[in-house]
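Shown here is one chain on its own, the form predicted on its own, set out as structure tokens.
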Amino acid sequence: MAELIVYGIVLGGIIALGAIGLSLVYGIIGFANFAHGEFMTAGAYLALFMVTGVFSWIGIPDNTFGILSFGWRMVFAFPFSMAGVAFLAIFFDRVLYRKLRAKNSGPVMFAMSSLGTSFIIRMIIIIVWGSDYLFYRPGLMRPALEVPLGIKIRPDQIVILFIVFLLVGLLHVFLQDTKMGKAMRATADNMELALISGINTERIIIWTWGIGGALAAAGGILYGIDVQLHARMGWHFLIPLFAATILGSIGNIYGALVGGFAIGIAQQVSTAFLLPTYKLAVAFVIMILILLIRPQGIFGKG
């Protein structure tokens, strides 16, 4: 059971990165983005393209870092992929969602548009890479380390947790200590008041989409390192992302972090009693219960 909790923390960290981006977008723009899971997939596959394609062509060595399953190619691919998905998220906002905002479209129109966006991204990935399961380094599986309580954890998973907390820490510093971060917080509190105060809200929206897309990409890459890549992985992450966001209170990025870990642990622990295929149902049940019992989330005001 202790081992499942550790694996749940690793999975929860990955979910948390996506949920924080989703919560950030909703908190500032008021938009439940159903394409957010596909941003995770896009990040994972963009990293795959760079690791197995671009960096191979330009001659970057494919050696791994000792006991880890990746090397310099992944180190370089990680920020480039985050930037690529950030650009993709901003692109869809500029060509689609901004026009819907200008027309004062309702939430249903935004939801259907984001759902269509998710299908577009997924179909492009399937056309280019197919629907088979893929790996960054096929056939390579590093041995697990045994830690106290007889828990076995792979070195990659330790690095995954480190990266999750590093990114969350950097986001915290950005929101608390930078001018743009403070402007984003002000816009999240009251967009109309922020606009009157002279804050360029369109610029805030661009930053919001960029950060949300980048965090989603990071989550997708880390999941690919930990498990594998699949064209529908983002779709499978969608309910856990929303469950974590709702659990931690919509618009609260710190709540999304806690919610992500809670959902990840719940999903992994459930495999001790249920088949692994039911993990998604566990996230769905938790989301429904929270909506029924405490719809404002655990960090929301009662």
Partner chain sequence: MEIGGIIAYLVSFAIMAGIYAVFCLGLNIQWGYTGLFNIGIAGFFCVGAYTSAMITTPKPTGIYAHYVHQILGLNLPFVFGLVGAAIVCGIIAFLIGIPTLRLGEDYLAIATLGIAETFRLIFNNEYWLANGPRGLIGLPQPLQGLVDPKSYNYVYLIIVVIVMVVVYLLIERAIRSPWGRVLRAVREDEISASMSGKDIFNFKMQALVFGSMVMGVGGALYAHYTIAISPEAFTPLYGTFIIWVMLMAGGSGNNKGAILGAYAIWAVWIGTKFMTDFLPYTLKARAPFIRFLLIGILLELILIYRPQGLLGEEKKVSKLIE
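Just so it is clear, the structure is predicted and the values come from calculations on it, not from any experiment. Residue numbers count along the first chain shown, from 1.
There is another form of the same protein, the form predicted together with its partner chain; it is not shown, and what comes next is about it.
Can you work out which of 28, 250, 233, 42 has a heavy atom no more than 4.5 Å from its partner chain in the predicted bound form? Spelling it out, the residue with a heavy atom inside the cut-off is 250.
Could you spot which one of 127, 158, 180, 75 gets a heavy atom to within 4.5 Å of its partner chain in the predicted bound form? In short, 127.
Under a 4.5 Å heavy atom criterion, is residue 46 part of the interface with its partner chain in the predicted bound form? Close contact is absent here: in the predicted bound form, residue 46 is far from its partner chain, nothing within 4.5 Å, heavy atoms only.
So, in the predicted bound form, is residue 109 in contact with its partner chain at a 4.5 angstroms heavy atom limit? Yes - in the predicted bound form, heavy atoms of residue 109 and its partner chain come within 4.5 Å of each other.
Check whether residue 9 has any heavy atom within 4.5 Å of a heavy atom of its partner chain in the predicted bound form, and answer yes or no. No.
In the predicted bound form, residue 117 touching its partner chain (heavy atom, 4.5 Å): Contact with its partner chain, yes.
Counting only non-hydrogen atoms and a 4.5 Å threshold, tell me whether 113, 242 and 284 all contact its partner chain in the predicted bound form. Affirmative, all three are within 4.5 Å.
Quick check for you: of 170-178, 190-198, 95-103, 75-83, which stretch puts a non-hydrogen atom within 4.5 Å of its partner chain in the predicted bound form? Flagged stretch: 95-103.
Just give me the residues of 275-290, first to last, that have a heavy atom within 4.5 Å of its partner chain in the predicted bound form. Result: 275, 277, 278, 280, 281, 284, 287, 288.
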